[in-house]
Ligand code: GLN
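Okay, so here's just one chain, in structure tokens, the form predicted on its own.
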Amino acid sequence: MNNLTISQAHKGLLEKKFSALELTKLFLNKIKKQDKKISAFLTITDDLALSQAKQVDKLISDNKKIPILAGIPLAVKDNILVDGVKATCASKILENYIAPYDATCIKKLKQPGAVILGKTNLDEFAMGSSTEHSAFSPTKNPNDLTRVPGGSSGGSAAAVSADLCCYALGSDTGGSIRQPASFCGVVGLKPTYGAVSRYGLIAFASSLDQIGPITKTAEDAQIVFKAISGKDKKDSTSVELSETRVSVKLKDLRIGIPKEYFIKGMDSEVEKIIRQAIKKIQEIGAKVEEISLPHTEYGLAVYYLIMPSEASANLARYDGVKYGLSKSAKDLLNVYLDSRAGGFGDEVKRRIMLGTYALSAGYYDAYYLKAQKVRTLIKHDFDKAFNKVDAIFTPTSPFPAFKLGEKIKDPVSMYLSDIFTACVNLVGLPAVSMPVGFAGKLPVGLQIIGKPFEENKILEISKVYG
């Protein structure tokens, strides 16, 4: 029962090779034995998982037809609400917060009988690229325990990579699903903005955030995406998707390679592996052409103005009064100051301060408004490119997983981890990171970017790589 994909686990349940309870117990035991050295999980939901598994076993014993996700154990990033379970966001300010309801994506997974094993570690409030900014402990990369798993969905990616669950949910604001998927050697899908409801996702940057799956195969990503996507009246930005499962003819495909993404300073081994992956699809018959996304060079600067601005507004609600950590003080102002000073970590404070500055009187036009205008130019670049090509191939990250502690004291160096992923969020496009090789023993991911709501097309293309 090792390294089961969703399809394999479903087949095993139908053929009664094992029960949902046996499968769940296997994963719970693995977590208890192996997660001490990885720290992928913040909370393990034994009772919930076992009761969900028993319900599925009852359906099977009653000869009822079960959906493909019934009885399949998953892990959930700890910024997505699961009713009655802690939702800490890996922050001291929400250390004892219990979710009062299910996120829409959780509701959609509970309906077919998914089994929730627990909540996974992340950079505090999803702010980071290494999962070292967790208030509780850093997560380690299962491929090399001296290295980071990426971030902010590092716990989810590490859990899938270490086979501590069949699949996981993450969230992606500037690369937080794709970059850890690349570092850990798994598949990570960032859906189109609006494809998956954000209701029940603890807000970070509302025009950028998206929930998506981290899985072992592209086929598994399709299964999970289909289950969690669609219109939700509780999220006005969500969209109804058509049911189409596209068949992709590789010989008709036009793949764009942006010259701006093969940059000076990029790891040579990563570039070699990505170029081999491009050659592979060319050999199968796809047409590959160089394209230009000229405003790419401004993408990171734009992202690091818009994202902290939205974060500073979203995190204003943690005031020590309504919920979360509350420090007693002599007056209300000091309740605010002491609660936020004690509850937020350094990286969160840094981004709140950046965002508050960018939105302040006298600087709003110079920074935030200008960033939004350049965001539109970046969108036009992608629109123009997609008039010529069906998909865009880039590296997911300019380098493989770096050492724990290597970039923690240098925020700008850490921010460069998002250089190939942030523009996708600014424009709201779908993108998948697919493992395509190893630099030494460290995985390397290929990023495939698609047109809006063409998740199935980019996932079909991904199947070329396993």
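Small disclaimer: the values here were computed from a predicted structure and weren't measured. Start at 1 and count along the sequence shown; that's the residue number.
Separately, the form predicted in complex with glutamine exists; it is not shown, and the next lines address it.
- Although the partner is absent here, Tyr303 lies within 4.5 Å of glutamine in the predicted complex, judged by heavy atoms.
- At a distance threshold of 4.5 angstroms between non-hydrogen atoms, Ser182 is out of contact with glutamine in the predicted complex.
- By the criterion of a heavy atom within 4.5 Å, Arg198 is excluded from the residues contacting glutamine in the predicted complex.
- In the predicted complex, at least one heavy atom of Gly128 sits within 4.5 Å of a heavy atom of glutamine.
- Only one of Thr215, Thr394, Ser134, Thr173 lies close to glutamine in the predicted complex, with a heavy atom inside 4.5 Å, and it is Thr173.
- In summary, among the residues Arg351, Lys140, Lys108, Arg340, the only one with a non-hydrogen atom within 4.5 Å of glutamine in the predicted complex is Arg351.
- Annotated contact segment (heavy atom within 4.5 Å of glutamine in the predicted complex): 304-312, selected among 108-116, 374-382, 155-163, 304-312.
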